[in-house]
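Presented below, as structure tokens, is a lone chain in the form predicted alone.
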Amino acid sequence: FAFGYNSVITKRNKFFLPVFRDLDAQLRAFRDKAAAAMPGSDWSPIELTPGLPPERADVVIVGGGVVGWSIAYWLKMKARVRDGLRVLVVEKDPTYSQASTVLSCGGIRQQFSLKENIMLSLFSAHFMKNINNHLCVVNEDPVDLQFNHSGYLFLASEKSAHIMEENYRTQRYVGAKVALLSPSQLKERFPWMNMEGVALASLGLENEGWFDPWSLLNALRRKAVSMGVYQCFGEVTGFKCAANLAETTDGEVLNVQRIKYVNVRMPNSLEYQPVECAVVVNAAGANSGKIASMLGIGLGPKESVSGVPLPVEPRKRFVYVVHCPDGPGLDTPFLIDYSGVYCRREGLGGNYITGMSPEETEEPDISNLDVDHEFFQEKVWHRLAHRIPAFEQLKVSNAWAGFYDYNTFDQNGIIGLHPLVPNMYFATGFSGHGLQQSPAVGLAVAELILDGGYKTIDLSALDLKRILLQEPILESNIV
């Protein structure tokens, strides 16, 4: 009997001991967590959904494209102390498959007509040339933007030559290195080009060319995250605000809102996280008009301040990659013909990138990113082949579409505060210039937030008030 009893006890111990050991391990783990949950710890006994943003941030940046991440980087650079400023970047597209940044042609130029645009791109060019002085991360590979310094070449007809001369004077005055070329000089330098109709040309000599957009975006994001910036993949669906009434000198009563919380919805989910914040930056690119409307901007009476919408909307642009072994070759600049067609070399295998903007009345459908191949056949090819006869024989090897954050008011960037939302800053509407100007724009917005004004480049002309006052500043060199 004793033998049988001891046998049962032994069997029962063998069964329960592992259970007790497992329970003991769980209790130890719980005690460790409980200790960690004392004041000063971030641990919570509630299991959180992975990817949720923090509950509080000093600055929430809506839009994780190159402009948004540049702003985040410069905010942390100016704050100096790692945890002195809590910055959150919210991006709704975790794959960046539809992001304007990575779908662009990656060009940078100083050949603009407005001094603000010239200064922005000059600053950004110097930033990119010394990028590892800014964006290197310890124990990570150095940044390689694959910068090609072939420059931009603008062509002007007899009708537009005087505008090119005016722009040239402005560019040289601001500090851009450009040269005007006569048709004979142009033919000598680029013998593969047909000179018919060309009266004058402008060539960028320094700080112009093209680079890899993804490399710049990833470098800014990597550096900002290493400095303590929070990133969240989700969609901003609304705001919680405190409202006050204010009266203008004209007697108009305004509903002034201060954002208290940003609602961020998680991908493929109905769950959302309210983020308490002090400042919001609308850097949502082509979607920034939609973000602004969530605050009632543009939804008020037509003749009122609240009735003026943010004039930024998505405009689809097609990019075509063509293969032409007998093309211009290594000395091909980023060519901008006065007909609207553009072309640049893509790599070393006889490939080129080309395209053009459609007429205002022919803007393509923006409900998708499908490519219209007939647009190349009907609009692009004959203009391209007229200027570069070698392109009469080519093959389209690839194509894609992307969105401009198109400013329908004057095609220039919109930077600054809105009077009806005094803690939302705007950095949008660059109409195709956002990528190349992003390093400078990021610094400018960081200065507005932390210093209360511009310190490096005066961008007052790009303030949102010009839209409310209906005073456009026009840029003549839009591609």
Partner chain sequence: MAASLLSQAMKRCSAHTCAAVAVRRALSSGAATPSVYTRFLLKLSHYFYDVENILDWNNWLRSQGVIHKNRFAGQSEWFRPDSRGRFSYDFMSTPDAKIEEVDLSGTLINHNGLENLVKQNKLQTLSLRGCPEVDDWFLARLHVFGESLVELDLSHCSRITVGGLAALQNLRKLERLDISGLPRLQNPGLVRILLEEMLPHCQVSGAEYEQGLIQPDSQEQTEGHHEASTHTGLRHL
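As the structure is a prediction and not an experimental result, all values here were calculated from the model. Numbering follows the first chain given and starts at 1.
Keep in mind that the form predicted together with its partner chain is missing from the display, and what follows is about it.
Among the candidate residues I336, M128, C277, C105, which is the single one with a non-hydrogen atom no more than 4.5 Å from its partner chain in the predicted bound form?
When its partner chain is considered in the predicted bound form, the option within 4.5 Å is M128.
Of these, H386, R189, K115, K290, which has a heavy atom no more than 4.5 Å from its partner chain in the predicted bound form?
Answer to the contact question: R189.
Is N207 close enough to touch its partner chain in the predicted bound form, meaning at least one heavy atom pair within 4.5 Å?
Taking the distances in the predicted bound form, the answer for N207 is yes, it comes within 4.5 Å of its partner chain.
Any chance N268 has a heavy atom within 4.5 Å of its partner chain in the predicted bound form?
Heavy-atom contact with its partner chain at 4.5 Å: absent for N268.
Hey, in the predicted bound form, does Q98 get a heavy atom within 4.5 angstroms of its partner chain?
No - in the predicted bound form, heavy atoms of Q98 and its partner chain never come within 4.5 Å of each other.
Check whether E374 has any heavy atom within 4.5 Å of a heavy atom of its partner chain in the predicted bound form, and answer yes or no.
No, E374 is distant from the partner.
Can you confirm whether E247, R258 and P419, the three residues that make up this candidate site, all sit within 4.5 Å of its partner chain in the predicted bound form, judged by heavy atoms?
No: no residue has a heavy atom within 4.5 Å of the partner.
Stretch in contact in the predicted bound form with its partner chain, which is absent here, among 361 to 369, 328 to 336, 302 to 310, 235 to 243 (heavy atoms within 4.5 Å)
Stretch with heavy atoms near the partner: 328 to 336.
With its partner chain taken in the predicted bound form, which residues across 254 to 271 come within 4.5 angstroms through any non-hydrogen atom?
Heavy-atom contacts within 4.5 Å come from no residue here.
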